[in-house]
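Starting off, we have a lone chain in the form predicted on its own, written out as structure tokens.
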């Protein structure tokens, strides 16, 4: 037996004890370092898991989600925790993989004892992780995954989402684009679930309104788009593209190379430009329209929200132009990362409203969470949020933005959350009754 080891107080678990002593310094989590507000004898911490895409194709998102959620946990602890309990953050890497993600989620829950989990932006990871969340009675809040099925036909009682997705984007954005950009559309999209779902959701609404739709699918990692772009109908008025990363840059630039920008309006969702500065795209971006879920620049938010957004950015380390304070070359994934901050605020409110103390109280937590009335404020810089209990989906405002000659995204319309609402495709209330 080693000498000079601190004695573990009665009622304190070994894991808790190790994280609070020098002997356990090797297993300290990032959020437990330097927190001295909570003394011995305080209630057991609430453990918040972050199932982040630290490596793999979604690593840019993982970087920003870690920054945001760590800042949110620091804020909540500095303000007295949740219901007087410290929040301890533990992080697991999904590797942006539907195989690795569920395995590491089990570790997060079984070994790190996560009470709640803020999850991946990768739709495949979220859907593969849903059975683990339900098996362990652990609420898993999607970090912004775009598949409509997450809160649709593949909904799960322990999956929630406050963030937009393909169906909501079509619901809120198609009419403005149809009225202002044109009636004849060509979709050039990545040939996997995200790209296909955008073409299907927007296309169905356009056809119903009497418009014309052409769909061209290309492999997600395409570099030569010319053969696909040459198939665009000569009378098409709107070019909708949906690719990520270098492919998104390629399709934008090559559409200009063959002159499509001169006869068509170009439209996309802002996640195709996440983490990419308009200056990186260059003049080829001028004239592009994007449906945005949260403005990249501070001055593009509605004025009433700017103080909350400014405080949020200061906590995370983001400039008014949407860049990393410590590395200005890094551009925020502004379409998604705000949800990590708001989930912490939502969990805090729901725990305190329901009296939740452990997973035995999940039914009360669920009822409180999905019936919260959320208005813009320090925890909700994105603005008012409407939560729906049936499919455990949240609805928020969207924005139409356009790239001008100064290579900035200029807000041209705010689309209110009420326009984003569609009929709930499932009724999870039955599970919780």
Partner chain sequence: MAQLALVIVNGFVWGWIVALIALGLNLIFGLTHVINIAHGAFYMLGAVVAWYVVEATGHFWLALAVAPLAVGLLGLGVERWVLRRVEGNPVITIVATFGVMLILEHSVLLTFGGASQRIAPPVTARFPLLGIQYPAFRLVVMGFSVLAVAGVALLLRRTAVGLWMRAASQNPEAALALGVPVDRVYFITFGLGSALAGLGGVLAAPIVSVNFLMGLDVLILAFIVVIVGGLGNLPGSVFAAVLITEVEGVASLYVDPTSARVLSLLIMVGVILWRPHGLLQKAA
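Residue numbers count along the first chain shown, from 1. Bear in mind that the values here come from a model prediction, so they are computed numbers and not experimental data.
There is another form of the same protein, the form predicted together with the partner chain; it is not shown, and what comes next is about it.
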Worksheet item: Are all three of 54, 257 and 262 close to the partner chain in the predicted bound form, meaning a heavy atom of each within 4.5 Å?
Response: yes
Practice prompt. Mind telling me which stretch in 205 to 213, 338 to 346, 291 to 299, 218 to 226 gets its heavy atoms within 4.5 Å of the partner chain in the predicted bound form?
Written response: 218 to 226
Practice prompt. Just give me the single entry in 250, 317, 320, 307 that has a non-hydrogen atom within 4.5 angstroms of the partner chain in the predicted bound form.
Written response: 250
Discussion item. Between 191, 324, 237, 352, only one gets a heavy atom within 4.5 angstroms of the partner chain in the predicted bound form; which residue is that?
Written reply: 191
Practice prompt. Find out whether any non-hydrogen atom of residue 329 is located within 4.5 angstroms of the partner chain in the predicted bound form, and reply yes or no.
Written response: yes
Discussion item. Taking the partner chain as it sits in the predicted bound form, is residue 275 in contact with it (heavy atom to heavy atom, 4.5 Å or less)?
Written reply: yes
Worksheet item: Should residue 358 be classed as touching the partner chain in the predicted bound form when contacts are defined as heavy atoms within 4.5 Å?
Response: no
Practice prompt. Would you check, heavy atoms only and a 4.5 Å threshold, whether residue 279 touches the partner chain in the predicted bound form?
Written response: yes
Item to complete: Could you list which residues of 59 to 92 come within 4.5 Å of the partner chain in the predicted bound form, counting heavy atoms only?
Response: 59, 60
